[in-house]
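The chain below stands alone and is given in structure tokens; this is the form predicted on its own.
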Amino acid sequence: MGNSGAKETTSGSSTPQYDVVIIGAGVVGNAIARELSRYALRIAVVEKELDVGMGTSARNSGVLHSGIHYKPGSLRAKLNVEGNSLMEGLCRELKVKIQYIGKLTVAAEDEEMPTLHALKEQGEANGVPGLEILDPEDMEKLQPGVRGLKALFSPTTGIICPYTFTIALAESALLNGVDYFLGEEVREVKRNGQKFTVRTRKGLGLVSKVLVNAAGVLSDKVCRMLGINDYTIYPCRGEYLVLDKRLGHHLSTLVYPAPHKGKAGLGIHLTKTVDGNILVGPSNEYVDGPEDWATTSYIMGKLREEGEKLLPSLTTSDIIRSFSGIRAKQAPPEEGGFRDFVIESRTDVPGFVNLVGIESPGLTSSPAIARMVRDMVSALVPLREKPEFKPELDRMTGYFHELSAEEQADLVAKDRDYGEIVCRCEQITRKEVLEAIENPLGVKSVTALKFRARVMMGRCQGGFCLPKIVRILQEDFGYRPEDFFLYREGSHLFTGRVRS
């Protein structure tokens, strides 16, 4: 699936030849692909899932961190602040919604006050602008109802839709000539002479001068394929509750508790999303599997309790969904806390650019990580800028229902599919569903439609719109019931028909 652009092959062989192959189509892998697509290179991205951004990149808070939490001089600190500064311009090019709404890190007890001052000093050392410690009166002006002794306000903290952003990066890379191989799980990587050979479970083979490991929670596994045993990823699960949009107006800025040393995350908090929901979470729990995305009744109960403390008007009926994500932690459970990013061009395996342990703030840092990897690649293969590079995507920012009445009328006059609502909860039109089905990457899972058009994301969670979407897929695109996957091969929605 994906782009089927022309590729060089070796004499007498059909194995595609590339300058750069990237393993992993999460936010970091796609940011690297897009950055490298500015240059006259043959680039491929290999991803085991049927779509981009299906792992940690879609399963997080969507927060653009300011850079207050990371040790000065560390890669996490440097790339966080740089990535934050690049995001606004990048989102403008990609037509992705972004909001810098700021964050209050709240000290609820006297013993937490030194943490606020330490965070402020650390943030200023990292180059984070506008940091200020506020008293309760000023906290109340920013976020009515917030409770605490004082709070550190970071104005450059923002929010973004992580899966929309990841998809947009991939579509931009695709537009600029990158080949995508989706549904291709890498099973073997070998270095032969001056090149790498990558083979997948389905038998796909690719040859490349440079190999980039952006496999996230599976990055240590890729390392071991090349005999590198320096790293181990300890999966750490964070669960979330998604609240109905009814409560969205209650949160005008992000509210976090003061962090406690040794914890695997930044604590349970409320996060507003760019689409109007509020997230409660995440929890922190080390798990055995790198894809153990379960949600548990115990943690959901704890999140509900914490949510009610932070948002007293919250009721059980306001919780419309739960989900979880996995942090790619290098720190084992007995150590806790965070280790720095690993981003290296290996001298023992020339041509191998290795990224390990890219957990938070990986989303925020992704544009800066891409530039850092670009510079590493430039030392391995020559980079020549392409004058035909297209930085902007030709699409609408946001959704039809967010346009003015006049703009909506103009679109309906041009295409009457804009005049038919398919998803009542999110007010998504038939035209938007059709565009999601016909996405440039060629992805046809139900989750792909959710991530591109927000169908099935409202209060009814698809109870109203899923039958309509199934009908569109059958009647307009010739799908059979057994063709429907939720998100990966084997995740069947239907096994047949009850009646013909």
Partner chain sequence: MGPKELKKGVVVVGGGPAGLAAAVSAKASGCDDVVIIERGRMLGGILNQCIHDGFGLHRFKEALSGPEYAQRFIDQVQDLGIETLLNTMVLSINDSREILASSREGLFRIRAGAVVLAMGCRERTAGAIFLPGTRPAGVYTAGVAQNLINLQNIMVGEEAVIMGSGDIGLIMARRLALEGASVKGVYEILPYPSGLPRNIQQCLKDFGIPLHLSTTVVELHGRARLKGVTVARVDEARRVIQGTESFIPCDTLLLSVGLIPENELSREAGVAIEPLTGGALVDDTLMTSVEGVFSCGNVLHVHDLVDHVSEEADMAGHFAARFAVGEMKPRDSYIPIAPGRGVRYVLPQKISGEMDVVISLRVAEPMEQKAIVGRDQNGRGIFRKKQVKLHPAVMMRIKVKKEKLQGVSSMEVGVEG
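Numbering follows the first chain given and starts at 1. Small disclaimer: the values here were computed from a predicted structure and weren't measured.
There is another form of the same protein, the form predicted together with the partner chain; it is not shown, and what comes next is about it.
message: Among the candidate stretches 50-58, 454-462, 27-35, 437-445, which one is within 4.5 Å of the partner chain in the model of the complex when only heavy atoms are counted?
response: That would be 454-462.
query: Among the candidate residues Glu335, Glu121, Glu402, Asp417, which is the single one with a non-hydrogen atom no more than 4.5 Å from the partner chain in the model of the complex?
result: Selected residue: Asp417.
- prompt: Though the partner chain is not shown, can you say which of Ser252, Ser85, Gln408, Ser74 has a heavy atom within 4.5 Å of it in the model of the complex?
  reply: Among Ser252, Ser85, Gln408, Ser74, a heavy atom within 4.5 Å of the partner chain in the model of the complex occurs only for Gln408.
task: Please run the contact check for Gly478 against the partner chain in the model of the complex: heavy atoms, 4.5 angstroms, yes or no?
output: Although the partner chain is absent here, Gly478 would stay clear of it in the model of the complex, with no heavy atoms inside 4.5 Å.
query: Any chance Ser322 has a heavy atom within 4.5 Å of the partner chain in the model of the complex?
result: Residue-level check for Ser322: yes, a contact with the partner chain.
query: Could you tell me if Val287 has a non-hydrogen atom within 4.5 Å of the partner chain in the model of the complex?
result: Output for Val287 is no: heavy atoms all beyond 4.5 Å of the partner chain.
query: Leu241: heavy atom within 4.5 Å of the partner chain in the model of the complex?
result: Judged by the heavy-atom cut-off of 4.5 Å, Leu241 is in contact with the partner chain in the model of the complex.
query: Honest question, do Gln99, Ile160 and Ile167 all end up within 4.5 Å of the partner chain in the model of the complex by heavy atom distance?
result: No, none of the three is in contact.
Heavy atom contacts to the partner chain in the model of the complex at 4.5 Å, residues of 411-438 in sequence order: Stretch hits, in order: Val412, Ala413, Arg416, Asp417, Tyr418, Gly419, Glu420, Ile421, Arg424, Gln427, Arg430.
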